[in-house]
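Let's start with one chain on its own, the form predicted on its own, as structure tokens.
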Amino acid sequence: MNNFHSLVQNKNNSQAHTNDQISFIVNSYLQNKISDSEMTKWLKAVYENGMNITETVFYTNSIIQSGQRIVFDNIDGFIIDKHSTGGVGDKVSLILGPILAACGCYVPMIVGRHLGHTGGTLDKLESIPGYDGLISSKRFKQIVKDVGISIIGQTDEICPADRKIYMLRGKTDTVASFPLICGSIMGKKIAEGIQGLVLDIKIGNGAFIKDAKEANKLGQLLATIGSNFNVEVNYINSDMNQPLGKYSGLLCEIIESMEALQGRGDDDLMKVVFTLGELALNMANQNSPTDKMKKVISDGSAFEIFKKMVRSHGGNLNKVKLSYKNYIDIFSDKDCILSYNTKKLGDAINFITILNGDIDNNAGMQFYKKNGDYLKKGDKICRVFGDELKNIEVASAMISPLFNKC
């Protein structure tokens, strides 16, 4: 018989868990037989001592088995998803997903809420009036078939264990554990019923991973996990030393994504979109992937799919309008070369959008300069905006000193 406290001690001593032991831990926590404080001890033990590949496969399988696994029948097209390890201003999923669907792929996408200093795709979508991202797996499956893409959050039907563990990881500083990351990512993605997955592993001062060596280690581990479940996985490393695109927040990122789908995306943002899209369409055995992606943007079909997806989830894009009441602009106080502290920007953005209590869909930041730009004294660097002036003042005070050091 498994004893939870003994298993925690074993992991603290770097001993490997068996499949039964990992299933016991995951299911016991899901069934409230293990408290948050007890589970935190195990998460920290894993964070400090890791799990080997076999254990990580066991953990991923336990996450999948905690809920339903979707199976798509009678679909004439490659079933693929995209995932990012998280970044500031990262709205790539909102742009790439409809593009891939317009190119003939099917994209079932389960996304998360904010974690640490990074924004969550579900939070952004829920800033659209009426958008319901917590639908049944049956409805999710139908929208994918009808539209080509559906983006939802975790429900009690799909990987409920990960949903609960994911929230606890964010509260206990155990986010940056490769086995836990792999189980969370691959569990949800495999449960979606996909055949392929493209990963965007962020590197830099706004990412959980700081260098290419660690990013490649994670990418290879995720690919290995995928192969154990017959899911092909490819990945890229991309820069997160500055916010991606021009905006970071909630509704402002939806609007920027809509602009990108109409051919008006920022160069750094579209570079990531096209690089991942090329990987995905190559996986789907499609020729001339970049030309196809540019075509579905120019002819409007990708944007039409985005609009149709939003309508299928109850969202009303006619009501999407950024109408913040207050803002504070931040200027350079000297001549210098700009270098962003992206993590601290992310902390401030999360504060004004989500972490202060009520969600402010109108809150966010607009960036006027890129890393390496030469600033003259008085140049506008960014705008902090939202409905609550007090929160904007706090966020501005959080980030203003960062630019005095450039």
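The numbering used is simple: start at 1 and walk along the sequence shown. No experiment lies behind these values; they were computed from the predicted model shown.
There is also a form predicted in complex with ligand URA; it is not shown, and the following applies to it.
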Inset, instruction - Go through 257, 127, 150, 84 and name the one with a heavy atom inside 4.5 Å of ligand URA in the model of the complex. - result: 84
Inset, instruction - Please pick, from 202, 91, 188, 313, the one residue with any non-hydrogen atom lying within 4.5 angstroms of ligand URA in the model of the complex. - result: 188
Inset, instruction - Find out whether any non-hydrogen atom of residue 184 is located within 4.5 angstroms of ligand URA in the model of the complex, and reply yes or no. - result: yes
Inset, instruction - Give a yes/no on whether residue 131 approaches ligand URA to within 4.5 Å in the model of the complex, heavy atoms considered. - result: no
Inset, instruction - Evaluate residue 303 for contact with ligand URA in the model of the complex, applying a 4.5 angstroms cut-off between non-hydrogen atoms, and reply yes or no. - result: no
Legend entry - Distance check, residue 229 to ligand URA in the model of the complex, heavy atom within 4.5 Å: no
Inset, instruction - Name the stretch: of 324 to 332, 101 to 109, 165 to 173, 286 to 294, exactly one has residues whose heavy atoms fall within 4.5 Å of ligand URA in the model of the complex. - result: 165 to 173
Inset, instruction - Scan 271 to 288 and write down, in order along the chain, each residue with a heavy atom lying within 4.5 Å of ligand URA in the model of the complex. - result: none
